[in-house]
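First, one chain by itself in structure tokens, the form predicted on its own.
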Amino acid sequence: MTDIRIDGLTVYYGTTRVLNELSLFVPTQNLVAVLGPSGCGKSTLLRSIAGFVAPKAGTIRFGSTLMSVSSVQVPPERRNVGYVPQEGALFPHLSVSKNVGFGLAKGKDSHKRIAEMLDLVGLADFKNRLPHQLSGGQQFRVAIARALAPAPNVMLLDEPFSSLDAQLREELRYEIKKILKDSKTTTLLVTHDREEALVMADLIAPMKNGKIVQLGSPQDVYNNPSGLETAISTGDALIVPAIKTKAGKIYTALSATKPLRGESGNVIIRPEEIEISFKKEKSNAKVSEIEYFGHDALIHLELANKIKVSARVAAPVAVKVGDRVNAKQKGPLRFFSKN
């Protein structure tokens, strides 16, 4: 059990810079999710930590032990890393128990460790089955057990749920998080799925253009994003034009008044931070569309100057398309200057 410390990590593929002086800290026994779009360098980061890719510059440490620097590379087999690729990559001709024990030295202790891992992932009764005889979720749990069997210092998960259907992904998130917590393993998960990151992680690290742009708890990153793109990557976000006065007051199309001058920019508003009410004499919005999800709904609104926002409200829905309503912001004002 150890932490991961990455400082100034730079990686090139040919002449293309994929990681750009990236720094990240993963505390011991924490699960950190690196969240970002395809092509931002997430998988390259994992491969660098595992030792499959040599950096051009920067360092990777497990605790106080240096694993990687431009002139010295500890080989992958000596890093004690558990790695789960996107497809799980089980050996199709080996039984569940043999898959789990593949990286263990042969002997009595290996049989005991295999049994412990199968108990941990709830597959003790499936030890003699072949991978094709398992469901997708069971196959994934085998892959986790195999990666954990050698008691790795760290676990690396590369888009682990991407090949599973939505319902199975949701079910497995809680199970896998519990398994990793019970094993007390420091884990780095990379994903493009914001819900996956928010639900599973102790800390979220949004990534952009080969760099980590923020690190914080899911609640902190969601409520206080470092920029517009980070806000969008972590949840539904409304970007609304705003003016900030010298006194620090911020005005938007949802404000009752508007200043004559000030700094132009945008504010980020989450749909659940907009409150709507029936006040015809004070109405400032028209309901243009309603998306109903059963437990809640998105009420799409058109404000002055054709500015559009959306309010998330609990069901049942009390408005209909065409209604005039009063919309106001009840959340924090996150202002970002256009400069």
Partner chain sequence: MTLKVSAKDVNPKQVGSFAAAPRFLKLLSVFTLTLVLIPLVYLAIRSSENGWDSFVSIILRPRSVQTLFTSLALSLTVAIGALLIGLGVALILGKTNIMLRRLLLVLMPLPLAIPSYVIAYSYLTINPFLRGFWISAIILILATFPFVAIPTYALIRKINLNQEEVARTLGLSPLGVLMKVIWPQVRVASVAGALLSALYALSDFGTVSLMRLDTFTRVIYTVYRATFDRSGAASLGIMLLAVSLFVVFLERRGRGLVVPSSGQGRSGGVLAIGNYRHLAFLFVLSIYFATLVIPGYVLISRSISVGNSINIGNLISVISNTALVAFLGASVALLLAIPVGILSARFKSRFAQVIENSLLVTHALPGVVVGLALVALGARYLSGLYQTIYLLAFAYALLFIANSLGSVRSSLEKIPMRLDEVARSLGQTYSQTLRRVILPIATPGIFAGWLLVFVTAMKELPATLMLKPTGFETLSTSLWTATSISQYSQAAPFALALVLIASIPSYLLNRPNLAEREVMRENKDL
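Predicted model, so just to flag it, every value in this text is computed and none were measured. Positions refer to the first chain, counted from 1.
Separately, the form predicted in complex with the partner chain exists; it is not shown, and the next lines address it.
Asks: Choose from 229-237, 189-197, 213-221, 98-106 the stretch whose residues reach within 4.5 Å of the partner chain in the model of the complex, heavy atoms counted.
Replies: Result for this chain: 98-106.
Asks: Report yes if any heavy atom of Gln29 sits within 4.5 Å of a heavy atom of the partner chain in the model of the complex; otherwise report no.
Replies: Although the partner chain is absent here, Gln29 would stay clear of it in the model of the complex, with no heavy atoms inside 4.5 Å.
Asks: Examine Gly248 and determine whether its closest non-hydrogen atom to the partner chain in the model of the complex is within 4.5 angstroms.
Replies: Gly248: no, not in contact with the partner chain in the model of the complex.
Asks: Does at least one non-hydrogen atom of Arg261 fall within 4.5 angstroms of the partner chain in the model of the complex?
Replies: The answer is no: Arg261 has no heavy atom within 4.5 Å of the partner chain.
Asks: My question is simply whether Arg61 lines the interface with the partner chain in the model of the complex - judged by any non-hydrogen atom within 4.5 Å.
Replies: Arg61: yes, in contact with the partner chain in the model of the complex.
Asks: Looking at Val313, Val287, Val69, Leu303 here, can you tell me which has any non-hydrogen atom within 4.5 angstroms of the partner chain in the model of the complex?
Replies: Looking at Val313, Val287, Val69, Leu303 one by one, just Val69 meets the 4.5 Å heavy-atom criterion.
Asks: Would you kindly say which of Leu118, Val81, Ile204, Met207 lies with a heavy atom within 4.5 Å of the partner chain in the model of the complex?
Replies: Selected option: Val81.
Asks: Could you tell me if all three of Glu170, Lys184 and Glu291 have a heavy atom no more than 4.5 Å from the partner chain in the model of the complex?
Replies: Negative, none of the three is within 4.5 Å.
Asks: Along 14-48, which positions have a non-hydrogen atom within 4.5 Å of the partner chain in the model of the complex?
Replies: Phe25, Arg47 sit within 4.5 Å of the partner.
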